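Only one chain is shown below, in C-alpha cells, and it's the form predicted alone.
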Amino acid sequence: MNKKTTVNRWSTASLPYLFITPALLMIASFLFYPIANVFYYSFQTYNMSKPYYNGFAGLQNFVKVFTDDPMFYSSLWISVKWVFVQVCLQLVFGLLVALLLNQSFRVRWLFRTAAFLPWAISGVIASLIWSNMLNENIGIINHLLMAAGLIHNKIAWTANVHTVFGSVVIAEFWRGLPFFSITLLASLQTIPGELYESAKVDGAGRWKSFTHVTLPYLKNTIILTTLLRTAWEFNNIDLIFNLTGGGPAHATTTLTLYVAQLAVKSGDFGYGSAITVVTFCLLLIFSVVYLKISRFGKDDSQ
C-alpha cells in the first residue's frame, strides 16, 4: 500500500516535467545548441576554402578581431550609427502615431490598418518596393523631388556613398515604425481614464497630462521595446543586403552583414564566429547596463 502510494506521488510530481520536456528539448536544440556551436567555432580555424588549415586556434581569432581588422571597427561604427538613428526615429514617430490612433475619430480603423501595413510585409518584398522607389531611372522619389523643384538631376540613391545610408534608413524606418506604434498604442489603451480626469480637475493641460500621466505609464513599455528594437536592428540584415549589399565602398556594411560576408560568402566560419561572439557579448553588456540605468520594472515614485 505504502509502495503504491509512493509510486502515485512520484508519478503526479513528475507529470508536469514530462509535459514540458518536449518544449525544453526544442529550446535546447534550436537556441542553446547553435549558440554553443558558434562559441566552439570561434576558437577554431574553420575556413571552407582552406580546409587544410582547419584546427584549434585558441584566441587567435579574437586577437585578429581587435588588432588586425579595421573592417571590424568600421562595420561596428556603422552598426551603432544605424541602430541609434533607427531606434530614435521609430520611437519618436511611433509614439506620435500611437497617440494619434488612440484618439476617437471617424474611419480610425482605416488609419490603423494603413499604419500597421508595413509590419505585415516581408523584408524581401519591402526591399523590392524600396529598390524600385529609389531607382535612379524609374523610381518615384526622383520624379517627385524633380517635380517639386528640390533636385534638378536624377540621383542614384543607393549607389551614391553620400545618400546610400540615409536611403536605407528611410526604408527601414518605414518598415519598423509599426512595431512601436502597435505596442505603445496597446499600452495607451490600458491607462485608466480617471487619471486624466483627475489631472484635468487639478488644472493640468495636455502637456502636463502627457508628461505626468502618459509617459510614466508607458515607461516600462518604452524601455522594453527600445531594448528589443536595438537588438533586432543590430542584427538586421535582409533589407540592407537586398538594397545595397553593404556598398558602395562598405558605406552600409554593418557588423552583421560583415559576418555574413565572412561566413557565407568567404566560408570563413571560424573568424565569423569570433566576431559573432564579440557582438553577442557587446549586446549582452549593453542590455544589462541599459536595464540597470533605466530602472526597468521599478516604481520611480518610491
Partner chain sequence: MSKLRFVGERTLTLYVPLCVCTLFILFPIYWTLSTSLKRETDIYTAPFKLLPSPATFSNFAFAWESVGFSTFFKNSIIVASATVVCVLVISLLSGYALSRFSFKGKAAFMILLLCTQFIPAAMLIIPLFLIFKSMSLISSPLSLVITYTTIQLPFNTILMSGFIANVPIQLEEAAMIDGCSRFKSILYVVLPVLMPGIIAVGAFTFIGAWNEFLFALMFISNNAHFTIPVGLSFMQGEYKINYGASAAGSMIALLPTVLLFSYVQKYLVQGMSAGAVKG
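Here the structure is a predicted model, which means the values were calculated and not measured. Here, rigid core means the biggest group of C-alpha atoms that superpose within 1.5 Å across both forms. Residue numbers count along the first chain shown, from 1.
Absent from the display: the form predicted together with the partner chain. The rest refers to it.
- Contact with the partner chain in the predicted bound form, defined as any heavy atom within 4.5 Å, is confined among 208-216, 68-76, 128-136, 193-201 to 128-136.
- Shown here without its partner, the chain carries 92, 233 and 249, none of which come within 4.5 Å of the partner chain in the predicted bound form through any heavy atom.
- Proximity of residue 51 to the partner chain in the predicted bound form: non-hydrogen atoms within 4.5 Å are absent; the residue sits far from the partner.
- Although the partner is absent here, residue 164 lies well away from the partner chain in the predicted bound form, with no heavy atom inside 4.5 Å.
- Put simply, residue 84 is far from the partner chain in the predicted bound form: not one heavy atom of it is within 4.5 Å.
- The partner chain is not shown here, and in the predicted bound form it never comes within 4.5 Å of any heavy atom of residue 61.
- Residues are counted as partner-facing when one of their heavy atoms sits within 4.5 Å of the partner chain in the predicted bound form; in 104-120 these are 104, 105, 109, 111, 112, 113, 114, 115, 116, 117, 118, 119, 120, in sequence order.
- Core-superposed comparison between the shown form and the other one: the Cα of residue 284 travels less than 2 Å.
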